[in-house]
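For reference, the chain that follows is the form predicted on its own, supplied as structure tokens.
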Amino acid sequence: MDNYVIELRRIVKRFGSTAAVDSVSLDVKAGEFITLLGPSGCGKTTLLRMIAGLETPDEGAVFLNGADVTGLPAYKRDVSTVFQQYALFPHLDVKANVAFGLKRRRVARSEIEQRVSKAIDMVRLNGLDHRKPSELSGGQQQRVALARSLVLNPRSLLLDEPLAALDLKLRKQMQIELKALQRRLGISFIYVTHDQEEALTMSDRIAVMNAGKIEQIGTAEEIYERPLTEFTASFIGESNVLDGTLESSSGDTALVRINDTTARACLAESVRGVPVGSTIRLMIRPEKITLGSSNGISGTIEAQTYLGESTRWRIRLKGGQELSALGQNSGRSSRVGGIGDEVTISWEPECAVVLAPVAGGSGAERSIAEAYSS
């Protein structure tokens, strides 16, 4: 039986007439690094705040370590939170900032000394104990905020965009350090971000959120290679989405007609009931496309951009649809052609994914799309 430290059951949170979080359920295993990923306003921070006890759900329940804590205040929950604004006390030094929560809990002085020293060592701030926040770099301040949360020995750590204020180089460094720290500690991290690279770099699983709902949850590879919806496909990485017609399907494979050419693709389980003849959406990543002179879908190169290690092409298909292709400059890409040249595009069947049917098509197609999104 899975050991879940956090369980959310059909959580709803409304602000006025708007459902910021709309019937979300989620299980988090012990020792798991899970990221809530999505654009601003999608509900990810509100969801995190309900886990922390800083917001109360209008509907649903929050379980921590098997106990229903829906009505408990934040200070009675076995979680700790690191915010985007580190909220350090400017008049206190590093040691006092880290010790603050323990003093409020009236922990014995000898134990405070021991736990604070261990937490400071854990985040590599040795020798900086007596510096004030104003004397620290952004990365060091972030470590103080982490130590202040970790010193409480929580079963789960909640992090609300903690790297957003850092410059790019430091942010990438801290991504690696945070993941290494989480593995070393073995506690669950729930991480909120709108940065897809952060999510792909650190997460065991990613929950992609949109308009208060979880669109898809899975590993980084599952989310990137097998998106279930057009939103997920477009939000995680770059994607081409083409309109086509389903010619046949069997199990998890499909034949799709685009213009006058038939191509193979993967068919997600959630759309395997799509009838032959339906208009569908086909997702293919730019780097998965092969350009050649035969055996593929015909198009014309409209733009070509040299990027050093790679080249990007914008190609208009005969039916008017456009897509982007990306190829490594290994020598072969230079022989593809130039602007105005005709080329064909192709891909390996496992690299293209059939998404939800196009809304607004025939009655049958609309009913499938509605069932898919429900």
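Treat the numbers as computed from the prediction; the structure is a model and nothing was measured. Residue numbers here begin at 1 and follow the sequence given.
There is another form of the same protein, the form predicted together with a small molecule; it is not shown, and what comes next is about it.
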Do all of 39, 42 and 161 end up near the small molecule in the model of the complex, with near meaning a heavy atom within 4.5 Å? yes
Does any part of residue 20 reach within 4.5 Å of the small molecule in the model of the complex? Heavy atoms only, please. yes
Indicate whether the small molecule has at least one heavy atom within 4.5 Å of a heavy atom of residue 155 in the model of the complex. no
Residue contact check: residue 213 to the small molecule in the model of the complex, 4.5 Å heavy atom: no
Wondering, does residue 194 line up within 4.5 Å of the small molecule in the model of the complex on heavy atoms? yes
Determine which one of 339-347, 42-50, 312-320, 58-66 lies within 4.5 Å of the small molecule in the model of the complex, judging by heavy atom distances; exactly one does. 42-50
